[in-house]
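Take a look at this single chain in structure tokens; it is the form predicted alone.
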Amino acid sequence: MSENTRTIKNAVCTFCGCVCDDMELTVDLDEHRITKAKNACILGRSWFSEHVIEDRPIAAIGGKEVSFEEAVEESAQILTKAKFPIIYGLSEASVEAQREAVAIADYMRGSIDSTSSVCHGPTGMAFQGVGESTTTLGEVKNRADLVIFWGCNPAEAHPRLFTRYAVTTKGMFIPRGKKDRTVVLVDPRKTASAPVANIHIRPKPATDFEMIWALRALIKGKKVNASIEKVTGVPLETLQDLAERMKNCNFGVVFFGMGLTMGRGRYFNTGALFSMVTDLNEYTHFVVKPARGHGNVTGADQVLTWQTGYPFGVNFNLGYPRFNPGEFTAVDNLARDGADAAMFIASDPASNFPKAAVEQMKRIPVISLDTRRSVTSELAYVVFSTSAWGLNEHGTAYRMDDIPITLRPAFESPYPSDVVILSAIKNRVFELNIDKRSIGMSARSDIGKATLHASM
């Protein structure tokens, strides 16, 4: 290893929604890579070690290397000429980059969507309809004596949610850590998180709504028939015990994942869960938080909401923001041949979208911004190689509890950041739109003059 090293303290891991900001990174400045990541979980260590400077052109069009300026111009022309362009991704980009992307969508009167639409989109929809009793991870650490994980598997997806915030960690009012907590796991499967739980409830798949509704009735003191076991697979006694534990804890929290949001019921499930937590606040303090996956998918929701009023799947085609999941979301837009141009930011939808959507990507001009080669960048017409957010650039990310975290870069990259690229595209799209409007106004003026002359 090179002797030319640097240590970055209080660095930020942007792999998952925990956005842990207590990393101590050892950086090999000669090889431009991170050799050690103290405090990181197994996922974080892999995240840091795999980010190296790849030998790629900064920009390419049709597989041929071009200058940055040429790629920006081509991208702006594609987006401006398209009738129904779409922007997708955002969850692995900084808040600053996300703001630029929203501005581009506004200028080009297209659609913009984040990965929320295929993970926690139902959470945003339920939040708008029902509301949310929320909290921070710091409060969970210091106060929560009942922790429920519903339809999520933190042991494999968010390891430090257990160790830093919610289970084994010691808090101000939880001095003995896990000994002062009751941990409940609600999941049909026996996952890697199961050994951590004091109670593992295994309902039948796709019966979350029925189970939550039964719990709401029990919390309110209503009678529930023992036949609920036939529906959910969970004995009535187990539901009664859980309802009493929730009502009598000092501070309860439910973390939920895609097992709830992407199962049958979708936003009805999350809406029922939010309503149950509201019911519980008549008896004790209870909160609910989605266990978010990508490092800044929460930031994407935040930025889109404060800029447009909606968390994902936003369309500007009429000159103002509209929200309609199933119509303006990326999968649906592409699968029905609705989009005639696309820009994907820090995402690889071609590797996981339905076949119909991927086939449409192959038929339209695609712009890709990513730190590494991917299935999407291979089929893209314009490709930008970017620096790694959080590792090579400053910026901001939102933790899963909606707390903004300042990023501290570890080493420099020869590639431009998402912010630089998107800002350049935004400025050029704006200029092209001004030119289009000027031409349109001039044409209307000529028509007006001709009409006036004919009437005389």
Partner chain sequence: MSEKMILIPVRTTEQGTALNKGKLQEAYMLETSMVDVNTDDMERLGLQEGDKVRLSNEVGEVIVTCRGKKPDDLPQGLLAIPYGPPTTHLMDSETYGSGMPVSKHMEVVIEKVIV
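This structure is a prediction, so every number in the text was calculated from the model and none was measured. Numbering follows the first chain given and starts at 1.
Keep in mind that the form predicted together with the partner chain is missing from the display, and what follows is about it.
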- Message: Please tell me which of Gly177, Pro235, Pro195, Pro354 lies within 4.5 Å of the partner chain in the predicted bound form, judged by heavy atoms.
- Response: Pro354
- Option touching the partner chain, based on a heavy atom within 4.5 Å in the predicted bound form, out of Ser91, Ser385, Ser75, Thr329: Thr329
- Just to confirm, Val167 within 4.5 Å of the partner chain in the predicted bound form by heavy atoms? no
- Any non-hydrogen atom of Phe411 within 4.5 angstroms of the partner chain in the predicted bound form: no
- Answer yes if any heavy atom of Thr182 is within 4.5 Å of a heavy atom of the partner chain in the predicted bound form; otherwise answer no. no
- Query: Using heavy atoms and a 4.5 Å limit, would one call Leu43 a contact residue for the partner chain in the predicted bound form?
  - Reply: yes
- Message: Given a 4.5 Å cut-off on heavy atoms, tell me which of 60-68, 43-51, 417-425, 26-34 is the interface stretch with the partner chain in the predicted bound form.
- Response: 43-51
- So which residues in 263-296, when you check the partner chain in the predicted bound form, have a heavy atom no farther than 4.5 Å from it? Gly263, Arg266, Tyr267, His294
